[in-house]
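First comes one chain, alone, set out as structure tokens in the form predicted on its own.
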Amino acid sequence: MNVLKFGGTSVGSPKNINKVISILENYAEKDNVTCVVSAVGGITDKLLKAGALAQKKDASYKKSFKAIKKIHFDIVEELIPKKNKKIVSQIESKFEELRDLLDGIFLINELSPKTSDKLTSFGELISSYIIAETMESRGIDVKRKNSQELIITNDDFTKAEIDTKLTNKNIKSYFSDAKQSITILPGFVAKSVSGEQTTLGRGGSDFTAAIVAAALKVERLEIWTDVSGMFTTNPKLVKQALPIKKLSYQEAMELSHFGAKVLYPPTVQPALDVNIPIHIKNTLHPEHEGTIISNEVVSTKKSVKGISNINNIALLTLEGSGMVGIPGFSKRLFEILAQEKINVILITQASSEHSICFGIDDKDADIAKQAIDTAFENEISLHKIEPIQLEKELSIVALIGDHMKNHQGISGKMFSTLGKNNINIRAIAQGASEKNISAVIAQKDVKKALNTLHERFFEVKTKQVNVFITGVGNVGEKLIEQIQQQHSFLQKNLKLNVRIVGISNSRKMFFNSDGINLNNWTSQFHYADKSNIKGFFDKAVELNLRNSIFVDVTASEAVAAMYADYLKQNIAVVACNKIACSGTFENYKKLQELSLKYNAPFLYETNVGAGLPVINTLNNLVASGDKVTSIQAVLSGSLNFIFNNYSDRKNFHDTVKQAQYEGYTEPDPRIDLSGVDVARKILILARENKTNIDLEDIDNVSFLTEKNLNSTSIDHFYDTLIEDEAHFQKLYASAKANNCQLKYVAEYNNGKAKVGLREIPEGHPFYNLKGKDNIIMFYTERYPDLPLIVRGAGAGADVTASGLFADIIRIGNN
């Protein structure tokens, strides 16, 4: 004998019902089959909705009734095209009963548990009849048996308890005489000893199948559903979720209790009692392996078998000094909940006995709070305890596995993984058996939590990094190009999956939580929404993706002002924009503190040397205990390019234009030529060396004329360069006469800094600095005479993008 159960999706359409029939026929070729079926997908909810409308005196329940009836007759019409008066008459009769019941609920304005059981029974009774009649019309040896004649329960309506002895007797008696190859049974439904219709609770069709399988002691129970077994976590929220090949009964019960909808929790117990394996299979893909649940000891390298969750949790906390050392508080508390028929899902109590925390279904929260506050009214008035504290919109996330107790550090890995992604844990529960470690978190963080934990415990150590980029000019485009080019390399060698999920500029922005297709991102950008700095931030927060990084490739003060907001949301910040780090010292310190507080890296290597490891080198010197006494540097690739290309044969205006055209200067070249950009860079290095200094404290000796400095626009600035060509020729001539090179130099010495144009003599490390190169010399206590030198290209879209990319990778590897 084979016992198979098919869920609502499996019998939710004529196409799927035909697949069910095909599966049953294949099984029946080898042995007799008992098939338990659920209601047509979604019908139980529709019946309850219709009942609720009728109870509220809302006449639209009649529309709901008609919709339910139409669904079933549409299925019959497709499955049995030739009109069969007997079938139509029988179904019409059942729907007459259903309509009378709904009319009665409407008239008396009441929907009792007893009536609710009658109402919801229609789904399985009708679906089982349709399937049996369809098979019979095709000449298949089939018979339908009403489970209400076999399964006997008490009168606990909506979730009745079975009379095992009487039920087993009925099942054995019926099947000992049954001659048909296939027996169809409606799931979920039963009758009480007194003859009243009862149900076995939502998901009770699984339970029906398990009861029958246990009574007949079959070799295996098969639960057919719309997924290929039980998964490592919810595949709807985690795309990388994997089907689990084998589970123990205990693991399956833990997973099903904690939200794995594939299996109804009580199903496991009857099978466990008589040691019957349960096989979860996929109706839509019967060839898939599925999941086998048994008492077999499965040796596995993975300590965690699955990650599950329950949503819509409320957390209540009873606390007060009057509880300490006083017996009976817990007893009274849980008796109150029991009287209100409120199920407790999670309990945790501090060893100080100062507080008891417990989780319940959100819908019961207000009733629980009122009942507890009333019961403890006297203690509250005497300030022995506080009024019950209530938090809603929470979820429980649980790690599950039989072998977790044999592996040290599982809970530590769980909590640190959640913490790194700014997922706050409100309560923790872990039994001594260590088969389940549960944490209560905000419901809005569930998707991020499941993805983060699944990545940590199940995936091949590949870490997903989600990048939001603002600013897609020359540097931004190069960064996107580099990320696309290196994607496979990073996955294979660094185990990093770097995805760009948001892109914006000053005009447009667009997002894709699954990762933007970088092959055609420019065409997608063409049709993007209007850009908004705050809107871009809000969307990044709303997506709530793990390992998120915001990359600022602008020179915008407004964008830089948002860094604190990103860090507070545990979104790392990578910036080539110098404004934030060269603004007020208070803001600079605030950002460093927020980065530490919210475990959100704040990296800005490109602020000083584009792709050169300048800040990183300085930080390593300081962290290792060295003391930086002096810094001498050429920090402007644009100015170095300009003075390396300027001569008495080329005017200054054209040289600056060339630098701007080749992407070495800021869009406004006055920022570079005024020395402000270099001043910001030496300021940042001074601050990284733990010096409290502001931009106004830096001595900036400008080589520009008053006319240049007072220009009113970029075009006007270029006009003044032409007018003052003689001034620049004079600077060049002086350097040439002294056999020197003109270099714009930044200096830091004993807490003071200055920038300005200098004539560099032959033999100096700066003398032969070519093109757009930068050079930084660190004099320290360990390098007092010969400095530590960092040298290389200090400007250009490619190298700046590579510096940003390096910061992204550094965060990903953290």
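Treat the numbers as computed from the prediction; the structure is a model and nothing was measured. A residue's number is simply how far along the shown sequence it sits, counting from 1. Take the two forms, find the largest set of C-alpha atoms that superpose within 1.5 Å, and that set is the rigid core.
One more form of this protein, predicted in complex with a small molecule, exists but is not displayed; see below.
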Fill in: Region of this chain that lies against the small molecule in the predicted bound form, out of 195 to 203, 691 to 699, 719 to 727, 177 to 185 [heavy atom, 4.5 Å]
195 to 203
Item to complete: Using heavy atoms only and a 4.5 Å cut-off, determine which of Val755, Ala39, Cys35, Ile776 is in contact with the small molecule in the predicted bound form.
Response: Ala39
Worksheet item: Fitting the rigid core first, would the Cα of His764 be found 2 Å or more away between the shown form and the other one?
Response: no
Worksheet item: Hey, does Asn505 budge by 2 Å or more at the Cα between the shown form and the other one once the core is superposed?
Response: no
Discussion item. I want to check Lys754: does it shift between the shown form and the other one by 2 Å or more at the Cα, with the core superposed?
Written reply: no
